[in-house]
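Next up: a single chain in structure tokens, the form predicted on its own.
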Amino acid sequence: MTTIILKPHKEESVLRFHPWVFSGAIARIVLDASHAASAPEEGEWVRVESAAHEVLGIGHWQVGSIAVRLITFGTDKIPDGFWQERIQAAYTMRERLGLIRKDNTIYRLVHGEGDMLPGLVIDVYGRTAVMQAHSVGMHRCRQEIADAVVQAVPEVEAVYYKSDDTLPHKADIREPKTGYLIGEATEGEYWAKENGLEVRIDWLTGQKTGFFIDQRENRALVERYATGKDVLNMFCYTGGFSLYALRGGARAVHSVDVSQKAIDLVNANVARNFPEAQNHQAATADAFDYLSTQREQGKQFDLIILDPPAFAKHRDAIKNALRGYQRINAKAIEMIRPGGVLFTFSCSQAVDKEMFRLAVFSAAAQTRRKVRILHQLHQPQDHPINIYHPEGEYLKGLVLYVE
């Protein structure tokens, strides 16, 4: 196995169980004798050692600023049954937290570093697990992982692999990045349940793995606030927040997304759960344009939900992202009736809590309305944050009361 030797004192973060080794921490690389190339192959297993040749762990080599994602610590071997043991531990945690129930068959099974499997995401929808690799190393191990999933999770009989958009673009990967690794779902199995609500999941062509599971608890909070309210759900995707608002007794719910395909799924989800509902409207429109038009028409709402896609996917885009968050939040705050509520979110990992809060503060100040924070929201239990890897905290939300 190729050995990565760190510079003096650069082992300290690894000894604190941080799973990333940065390229700048590497002193030299001792290639395995079988290597014909002058550098490790992306995705291969490598051993990491301190400058004093203490074995720190093994992980997957990758090209970029994060050079190694560590999978184990203090050993240079992957034990037999490793994948099944780690996935079983992840499943057991979700089971003990009460997330796996007949009325809740949607949950995240593996959340990368949060489950000590960096570079791997697995979401479960009923009988089907959808797997995404964010590193070439996890891509190489995909079949072993899929086999471990069906062994560890009693409900799962099919594993779909969907990594076209998550694997490094420059990686030379010639094997398929999508397709079933085990089994196959039938048409009726694209429906799954979240807290008793039925949702159609499009893992074949939809965003991410097909549904944004990380908003489950926040959607339940919207249900509590929605009674008798005029609700606007911006960036609605497949309408998760809209379904909870309807079940909460909203007077009217408006769902808006720029994608017609998403709006079609919203309408299908509403029809499935509330076939007699007359209080839901869906519109295909750009969020900024829609809010501007509605404001010009004097429209106001009691409850608005802003859950946009990541405005900043890397640090170079932070300044523009913060301007975007300020602009969209100001438009929303202007349109809330006195005594109304705004749920606003950022899923941009590059934008931390303080940055996001400052952007929302600036938006509120721009409108000159009295605004108070009711809740500070984050990702749910099945998206855990490894205490040694605080970078895993990405979802930020505020619930605001607007006078």
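Remember, predicted model here, so these are calculated numbers, not experimental data. Residue numbers run from 1 along the displayed sequence.
What follows is about the form predicted together with a small molecule, which we do not show.
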| property | result |
| --- | --- |
| Option touching the small molecule, based on a heavy atom within 4.5 Å in the model of the complex, out of 200, 219, 254, 86 | 219 |
| Listed residue (160, 325, 241, 125) with a non-hydrogen atom within 4.5 angstroms of the small molecule in the model of the complex | 241 |
| Residue stretch of 98 to 106, 286 to 294, 76 to 84, 273 to 281 approaching the small molecule in the model of the complex, non-hydrogen atom distance within 4.5 Å | 286 to 294 |
| Residue 91 within 4.5 Å of the small molecule in the model of the complex, heavy atoms | no |
| Proximity of residue 317 to the small molecule in the model of the complex, heavy atoms at 4.5 Å | no |
| Partner contact for residue 204 in the model of the complex: the small molecule, 4.5 angstroms, heavy atom | no |
| Residue contact check: residue 166 to the small molecule in the model of the complex, 4.5 Å heavy atom | no |
